[in-house]
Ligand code: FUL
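Quick heads-up: it's one chain on its own, the form predicted on its own, in structure tokens.
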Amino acid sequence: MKKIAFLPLLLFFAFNVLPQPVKPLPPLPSARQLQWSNMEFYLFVHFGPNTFTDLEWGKGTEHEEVFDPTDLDCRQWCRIAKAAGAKGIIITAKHHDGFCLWPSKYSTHTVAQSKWKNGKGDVLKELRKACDAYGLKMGVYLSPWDRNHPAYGSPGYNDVFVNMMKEIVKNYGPFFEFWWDGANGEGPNGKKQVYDFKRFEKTMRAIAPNTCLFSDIGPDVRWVGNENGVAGKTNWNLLDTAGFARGAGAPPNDTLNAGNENGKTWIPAECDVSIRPGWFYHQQEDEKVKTPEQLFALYLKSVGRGSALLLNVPPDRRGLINRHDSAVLMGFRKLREESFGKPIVAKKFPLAYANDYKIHIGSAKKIDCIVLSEPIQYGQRVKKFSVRLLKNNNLVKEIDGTTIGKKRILTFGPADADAIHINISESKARPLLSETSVFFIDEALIEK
């Protein structure tokens, strides 16, 4: 009888105390998307004839000789990127003007026709070597729109574009990301191109299966719906793409900004923004470079909302990152280190379902920032949560939020607290948190 009486107690502990196996909640990120999610912050490099003509969208009629950087140094780009804490560089290998920064066999509008290095130069080759030397990942932007190529506007141009992708991947890969712009305008014959994106995607999957593909609707990374570097306060890594297309046929910007709560595909957002008013270098914008504080605010609204920050830093006509931009990048790095270098407390949670998490700080500390993370390899679950700051078991402040994802940075007016209670009130499935960190950052960096 004693054994029988003891059995219900054993069953109680088995079902209520022991951790239950965690079941993934599809859709889930692929291996390449998980690797990409660790990048967080990397640089965009817009460079080409526009650098020398002061245009943003080149016409495609610019003579190749206009491209003539006097002191091109991709190692300088990488030194600065590394010092700024960026993890990679994506370069505009071909913008809308059709000029190729590598000596392509499939165009006569390339560095090979320029006077730079007597036609023997190759920007992609130099950047590849520099990225490898400094431990940075490399990515490529290749605009399907081509205002120079004579085949543009005909079925034959899709062959040209596929061949260019193959050429780039073979000669300069591997890439962490391949960027397709959605712009589609007229070519030199006055016609627009019907892009064969299904073929483009199939080609890239075959020759670069570990490379994330970016466009308005992915398939691996989506545009965030603006060029201001800001993700939605609610930001799902999920998106429905059925019935939509790249460019003019993309989902509404507010949908791209927030994602779809019940989206059928894992397509996280990337926040692209320029450090200057324009995307290419213009000397008249040297005094209009964003401040370190402005970049920090963008970091909170991009990486801090579960996205990635793709910050454009355009080289000048020498082929160097300008001192104005470099100084700001170093200031940006300093602000991040000062803010997030030493947490007041950091805690990793076991992989187990829970709606409530409590973090004890010890003696009361002034705090104004909390960072939360979900284990996204198991899906994105949290729909609504609250963070309660406590002192002597009394409520001091309560902050509400919606999605978490890879990383959610909450900032708020400072308060003294000795404990923090995190409650997940709504989720798509039983919730999981992987870790949290608590900080006190400069109050001037927090938007009121």
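Since we're looking at a predicted model, the values are computed, not measured. One rule holds for the numbers: they count along the sequence shown, beginning at 1.
Another form exists, predicted together with the ligand; not displayed. Remarks below refer to it.
Engineer: Taking 4.5 angstroms as the cut-off for heavy atoms, does residue 44 touch the ligand in the model of the complex?
Structural biologist: Because a heavy atom of residue 44 falls inside 4.5 Å of the ligand in the model of the complex, the answer is yes.
Engineer: Is residue 96 close to the ligand in the model of the complex, meaning a heavy atom pair under 4.5 Å apart or at it?
Structural biologist: Contact with the ligand, yes.
Engineer: Examine residue 176 and determine whether its closest non-hydrogen atom to the ligand in the model of the complex is within 4.5 angstroms.
Structural biologist: Flag for residue 176 set to no.
Engineer: With the cut-off set at 4.5 Å between non-hydrogen atoms, does residue 141 touch the ligand in the model of the complex?
Structural biologist: Judged by the heavy-atom cut-off of 4.5 Å, residue 141 is in contact with the ligand in the model of the complex.
Engineer: Between the options 207, 183, 361, 351, which residue brings a heavy atom to within 4.5 Å of the ligand in the model of the complex?
Structural biologist: Among 207, 183, 361, 351, a heavy atom within 4.5 Å of the ligand in the model of the complex occurs only for 183.
Engineer: Identify, from the list 220, 272, 368, 122, the residue with a heavy atom within 4.5 Å of the ligand in the model of the complex.
Structural biologist: Spelling it out, the residue with a heavy atom inside the cut-off is 272.
Engineer: Among 377-385, 65-73, 397-405, 44-52, which stretch has residues with heavy atoms no more than 4.5 Å from the ligand in the model of the complex?
Structural biologist: Among the candidates, contact is made by 44-52.
Engineer: Where, within 402-439, is there a heavy atom within 4.5 Å of the ligand in the model of the complex? Residue list please.
Structural biologist: Sequence-ordered list is empty.
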